[in-house]
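Below sits a lone chain in C-alpha cells, taken as the form predicted on its own.
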C-alpha cells in the first residue's frame, strides 16, 4: 500500500477512496434485491423479461490542482464501474432427472447435446444451467446479493418439482465489470513499459493486463474503456484503483475539441427569456390575422 501511495503522489493524483461492501461514495449504495420483494413462485411467470439494473459503483479520482485560481484547472473526474455480470455456482446435493424438469418446469429448455437444462427467472433476470449431478451455474446477476437470491429461487423451484433439493456450496465464480477513464490512453507505450501487458493488435484491439493482487484480468482500450474480470465485486474495484495510476502516466493530451467542451460545461447558463405576455385583439384587429 505504501508503494501504491508513493506512485500516486508522484503522478500528482490523490489516492482513490475505498468503498465498503454495499456502500458507495457520496452516500450511494449498490443495487441489491431483497429476498422478501418477490415470492418464490415468480420463476414461472410468463411474459417479457425485465432488463436488470446494472450495479454502479462510483469512485472519485481527485486530480491535484497546482493553482486553484488557474482558469484551465480540470474538474474532479468520476469513474463509474458498471457490474454487468456475476456468475455463481451452487449444489442441490441430489440427483436431478433432467427429462422431468423439462416436462414439468416452466421457462426451461432441455439441451440434450450438452446434457443439461437451462432455466430462467424474471426477477432477478438470470439464467441457470442445471446438470443431472445437482450442480447448477447461475449467470446474469448484477450484484453478489442478487446472484444469491436467484440461486435460492432456483433451488426452491426444484423443490416444487419434487426433488429433495438443498442449497449448498454457494460461491461467486466470476464478476465482469466495465468502466471508462476520463482520458484516452496510449496503449502502445503502456504495453512496452509493463511486462504484464500483452498487446496483439491483430487479435484484439485492447491491451490485456493481468493483476495478481487482487487477481484480475483487464482489457484496456485506447479510448479509455477498461473491462475487468475478477472473482468478486470488491476485487473489480481494487483492480481499477490499481490500474488508474499506471494508465494515468500514458494519458493522451487534451485536444482543442476537449478544451472547447470543457469551457461549454463551465459557461454560466443563459438567462431565461422574458415571460410571454397575452395579447388580446379587438374586433377591428381580427382582419389583420385573416
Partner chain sequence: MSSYQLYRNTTIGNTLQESLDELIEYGQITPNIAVKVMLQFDKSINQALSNRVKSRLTFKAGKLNTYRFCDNVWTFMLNDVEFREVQEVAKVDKVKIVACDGKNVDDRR
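Numbering follows the first chain given and starts at 1. Since we're looking at a predicted model, the values are computed, not measured.
Here the subject shifts to the form predicted in complex with its partner chain, a form of this protein not shown in this document.
K.L.:
Please pick, from 131, 163, 110, 199, the one residue with any non-hydrogen atom lying within 4.5 angstroms of its partner chain in the predicted bound form.
P.N.:
Flagged contact: 110.
K.L.:
Only one of 219, 135, 122, 152 comes within 4.5 Å of its partner chain in the predicted bound form by heavy atoms, so just point that one out.
P.N.:
When its partner chain is considered in the predicted bound form, the option within 4.5 Å is 122.
K.L.:
Spot the stretch among 163 to 171, 187 to 195, 95 to 103, 139 to 147 with residues whose non-hydrogen atoms come within 4.5 Å of its partner chain in the predicted bound form.
P.N.:
Stretch 95 to 103 is the one.
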